[in-house]
Structures are given as C-alpha cells and as structure tokens.
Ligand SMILES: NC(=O)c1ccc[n+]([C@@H]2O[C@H](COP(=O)([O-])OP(=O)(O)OC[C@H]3O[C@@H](n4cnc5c(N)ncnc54)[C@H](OP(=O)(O)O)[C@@H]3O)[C@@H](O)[C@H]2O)c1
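Before any questions on how it binds or moves, here is one chain, the form predicted on its own, in structure tokens.
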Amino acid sequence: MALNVSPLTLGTSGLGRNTEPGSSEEEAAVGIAVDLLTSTHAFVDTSNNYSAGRSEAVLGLAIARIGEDAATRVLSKVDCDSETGAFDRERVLRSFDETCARLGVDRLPLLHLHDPYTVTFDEAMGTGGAVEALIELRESGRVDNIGVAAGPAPLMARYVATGVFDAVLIHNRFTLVDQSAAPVFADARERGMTVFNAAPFGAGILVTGPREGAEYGYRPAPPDLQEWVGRVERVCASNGVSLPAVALHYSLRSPLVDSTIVGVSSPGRRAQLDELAATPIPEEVWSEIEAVGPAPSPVDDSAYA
C-alpha cells in the first residue's frame, strides 16, 4: 500500500526521554506529541527503543487524547532485544507487540527493521530471521508497509536490492556534507519504494555551524569539516539565508527523497522547523556551495562494504 507522505516527517527519538509516568515532565512531552500529531505533516516517526520506549508511550497517551485518527499517523520500527541483542523472527514479533501496546493501536501504516547490526544480513534475511517476521506482519494486514532503517549506505544497498521492502530510511548520508546514500535512494526510487532521508542537519553541525563540540553523525566534527562548514555558512549569510534552512532544503528539493525526517522533541521546535521549510532559498546558493568543493565527510562505512 503506497504511503501518502508529506515533505517532512516528524521524528521523536528524544520524545519523553527520562520522563516518569504521571509526572509533569511526561505531561509536557504529551503536549509536544499532541502538537506533532495535529500538525499539517502526514506522519510522526518513532521506534521501539526510542527513549527506552518512552517515545511510544508518550505518543500513545497523545493518541488517546486526540482520538483514533491520530493512530494512523504514527510510523515505527522494530528493534533488537536490548539485553541479548537477539533480532530474529520471534524478537521482531515481540517488538511489534510492545509497540502496539504502548501506542494503543492494532496496526501501523509502516514498520521498519531498525539498525540490524546485531545480526548478519544473511541471518536477517534467512529462515526464522527478522525479515521473515516483517513479511508475515504485512501479509496478515497488521502493517501496511515494511521498511528498513539504518545508516551505513553499503548495508542499506543490500537490503534495498532484495526487493522485499516498501520503504527505506537512511540517516546522515544525504546532506550538504555527505551524499553516500544517493545511489541507494536512486535504486529504491526505481523499485517504487518510499524514500525517507533522516538527519539532514548531520545530527548537529549543520544547525550549530562550526564551534567547539560540534558533531556530525553523532561524532565530533574534525577540524577540516569545521572549516568547510564555516565556508558554506558564509555563502548562506551572503545570500541572506541561514545554514539550517539551506541544509534542510538540500533534502527537501531532491528528487531522490520522498520525505525528510527531522527530530522534534522540545516545545516550539516544530514551528521553527516549519519556518525553515518555508524559507525561500536563492538558486545561486547551490552553485556557490558547489564551488566550495566537496566536504571532507567523516563518515566511514567501509566496514559494511
């Protein structure tokens, strides 16, 4: 079943983190979730292990408050067992049941295989493996679509090439800094898959700009990348736009991407995101950034090649 996505999908990896049931902090998180689920954006993205399960729990409370329609707007992911690392058919089915219980739903529009790093590709795809369970859930009608979500482009290319999945989600590999996911996205589009591009800000530096402690892909940004981002930031400033706006539009304007996932876990963040998405970007910005030259990407996926 085709997913009718919007240009932006709202991510919730930090939603509800460190909150306790019934606390004022939980109530504040539910307020954020209600805002996300009643926005103009088609879907909210979560996962079984986000915030140790609290992301889904908070979304479930918001769904109960809003009504059943909100339940159709949540996409989630199955995760390995946090204690044992098990990620086989049985674990996938348990993970899905845990998700449904937290959200208070019986089915989902999309369920991803999330970060399948504790098993090999052959184990995941084989008899009794994680993907077998996802296919069962799709065939039973409990999920409409199945996908695969992770970072390393070479690994994701193998999963996409199976032709089994309806969607793909890759993070930190299609940004102003790193475009290694581009061939995978192109293959997915040719196969009719829905393409989600997550973390268009590189999980940090393309929002903050070059500064001490800035990160790309959840790791400290090296000096050469800091210098490159500084040059791009000056290009943006000379054209009257911000670095975050340009970083977001790099993904939004790409014909390879169906929906860009951006995390929203604090009050007002969704409105700020909408402002960035509405910012006009002068066409000359892209040629001027290209003239800066390729970024020294710190991403190293060679272990998955």
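One-based numbering along the sequence shown. What you are looking at is a predicted structure, and each value in this text was computed from that prediction instead of being measured.
The form predicted together with the ligand is left out here; the points below concern that form.
Heavy atoms within 4.5 Å of the ligand in the predicted bound form are found in exactly one of 56-64, 233-241, 33-41, 254-262, that being 254-262.
Mapping the unseen interface onto this chain, residue 202 counts among the residues with a heavy atom inside 4.5 Å of the ligand in the predicted bound form. Proximity of residue 273 to the ligand in the predicted bound form: non-hydrogen atoms within 4.5 Å are present.
In the predicted bound form, the ligand sits beyond 4.5 Å of every heavy atom of residue 297.
At the 4.5 Å threshold, heavy atoms of residue 125 stay clear of the ligand in the predicted bound form, well away from it. Contact annotation: of the candidates 186, 214, 207, 164, the single residue with a non-hydrogen atom within 4.5 angstroms of the ligand in the predicted bound form is 207. Checking 102, 73, 114, 138 against the ligand in the predicted bound form, a heavy atom within 4.5 Å turns up for just one residue: 114.
Along 146-161, a non-hydrogen atom within 4.5 Å of the ligand in the predicted bound form is carried by 149, 150, in order along the sequence.
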